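In what follows, one protein chain appears twice in different forms, each by itself as structure tokens: structure 1 and structure 2.
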Structure 1
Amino acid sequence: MGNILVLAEHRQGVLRDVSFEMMAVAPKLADQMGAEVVALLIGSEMDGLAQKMAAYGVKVLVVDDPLFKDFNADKYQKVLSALIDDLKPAVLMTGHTAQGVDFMPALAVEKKLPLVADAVSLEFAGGVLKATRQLYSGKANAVMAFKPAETYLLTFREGTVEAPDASAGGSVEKLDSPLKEDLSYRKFVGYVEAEVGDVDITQSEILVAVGRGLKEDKNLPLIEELAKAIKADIAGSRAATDAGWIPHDRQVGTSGKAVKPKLYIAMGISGAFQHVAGMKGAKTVVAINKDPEAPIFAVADYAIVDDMFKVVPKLTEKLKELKG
């Protein structure tokens, strides 16, 4: 059986978090399949990024060529198609991101290989590879069994698992690029960056997030006082940003931003999958909601079942006392 080939994703010279998160999933799958994990990088001037991936104790294959200075799905597809023929991996996986979903379906059609997109967990047992996907906003799980094939393709949802710490040195091997000339029919034009507000919540160590339970913007000062007491930044769910209570650049979730603070306090947030996916990287989660069945409690380390308008003033007062 071939190896687990993990295509690492990078943008503007920086490896994306999902590249490291897959290093928590791929080794477990490799143990079950009796295979090894091999990372793959496609780009230009990849030496530094290759060493970062090798720090996870894996062999890193690098296709380093100026033709791949910027991402192009058609170029990636051509390279991956050739590498599947040459390397015959048991599994080729990459992140379920804008990049991954751009070329993996087309690659699956070209090579006539089975693909499961947006997997949240993987298992190999009884000679069958199974991938779990979430349906109905995370309310149900579907276990997808791959049909027998020489190579299985899958995209893995970012933010599903915590990236492991780098612990061992691996090796780096450069490969000749299968693509010998540029493509004229599809060109990279440039990056259009989202406008950054006064606070980048992806870098915040402490976040106080509000949802529909805030009810109206006149209640926001209550939250601001708590945030000030613990030197936190304020974020919100989609309901809060759509209502105009919180700026859109502070929205947490699949249609907003993924955050990884040390402390995440969710108030009046029910915990729909779209929101939870954006804050699962938080080290500690405190949830305040008067609904004891709120889904947010399933991912909370500490749960307070009560009206946030009763809890927050007392919590703020106590925190101020503790700070002296």
Structure 2
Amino acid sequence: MGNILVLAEHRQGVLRDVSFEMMAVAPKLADQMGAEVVALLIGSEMDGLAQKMAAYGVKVLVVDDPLFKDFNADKYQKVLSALIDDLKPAVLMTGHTAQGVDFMPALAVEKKLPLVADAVSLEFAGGVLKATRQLYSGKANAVMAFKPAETYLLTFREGTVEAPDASAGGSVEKLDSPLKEDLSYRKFVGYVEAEVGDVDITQSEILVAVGRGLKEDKNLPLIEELAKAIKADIAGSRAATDAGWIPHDRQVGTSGKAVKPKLYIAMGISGAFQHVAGMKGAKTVVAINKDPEAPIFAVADYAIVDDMFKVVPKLTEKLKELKG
């Protein structure tokens, strides 16, 4: 049986959390499959990052070449395609991230290999690899079974498991780059940093956050008044920022900010994992949502199942009264 090859993700010289998290997932799967975990790094000047991955007690393969200075889906696909032929891994796993989703589907089609995207747990039993993934914003789970294949392709969701403690006994091995010249169709131009707004919500002590349940921007004053009463800053889910109700720099979640207030009041937010990933650092979470099945309640400390428009005015009034 081939190895479990885990592509360690990095950006701007820093390993991404998902790289470490996969070091918790892959060894369990390796035990079940009777395989070994091997980490893979593709980049330029990777020595430092390679040592960090090796600290998890695994062999680290490194494709280190100036050609890979910046992430490029096309080049990654070409390298991984060649490495699948050479190394014949049993599993190739990447993060389900803006990087992973940019090349894994194309790689699967090119190599005629099965892919399960956005897995949240994995199991190998009775000779069959199964991956569980979520549907309908987490309201249903699907168990996907792979049909037998030379290599199984997986993208694993970030923030699903805790990264393990580093161990010892790892090693680093450099590979010849399968890509000798820049034949890429894609040209990397640069990064554009996120816009900076008037309030840095990552520093806020209290946040009131709204989602799709706000319905329209004319309902914003209701939230503003609540925020004012408890000296909170206002934030929003992706739905609220996409709709233009809340500025983009106040978006909480995977593609926005990770916040850590003492109190987080989520109103009309269903709590899809992309949002929860950004607010799980909050100390106390209050959730108000009229859908009793909303996943936000799984991370709440205090929950109200009701229409936010029926609850918030009275809540504001009472808070003003009690705080005098």
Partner chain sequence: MKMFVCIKYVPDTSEAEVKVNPDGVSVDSSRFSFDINDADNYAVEESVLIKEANEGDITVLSIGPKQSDVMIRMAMAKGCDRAVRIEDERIAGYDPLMVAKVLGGAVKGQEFDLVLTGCMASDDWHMTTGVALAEELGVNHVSMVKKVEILDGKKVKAYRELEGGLMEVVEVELPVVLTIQTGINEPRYAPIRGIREAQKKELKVANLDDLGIDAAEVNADASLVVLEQLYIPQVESSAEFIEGEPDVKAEKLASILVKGGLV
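Take the two forms, find the largest set of C-alpha atoms that superpose within 1.5 Å, and that set is the rigid core. Residue positions are counted from 1 along structure 1's sequence. Computed from a predicted structure; not experimentally measured.
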Completion exercise
Students should recognise the form predicted on its own as structure 1
Problem - Per-residue C-alpha change between structures 1 and 2, residue 296, threshold 2 Å, rigid core fit - result: yes
Problem - Residue shift check between structures 1 and 2, rigid core fit, residue 43 Cα at least 2 Å - result: no
Problem - Post core alignment: residue 152 C-alpha displaced by 2 Å or more between structures 1 and 2 - result: no
Practice task
Would you look up how far the C-alpha of residue 249 moves between structures 1 and 2 when the rigid core is overlaid, in angstrom?
Solution key: 3.7
Practice task
Please state the CA displacement of residue 232 between structures 1 and 2 in angstrom, with both forms fitted on the core.
Solution key: 11.4
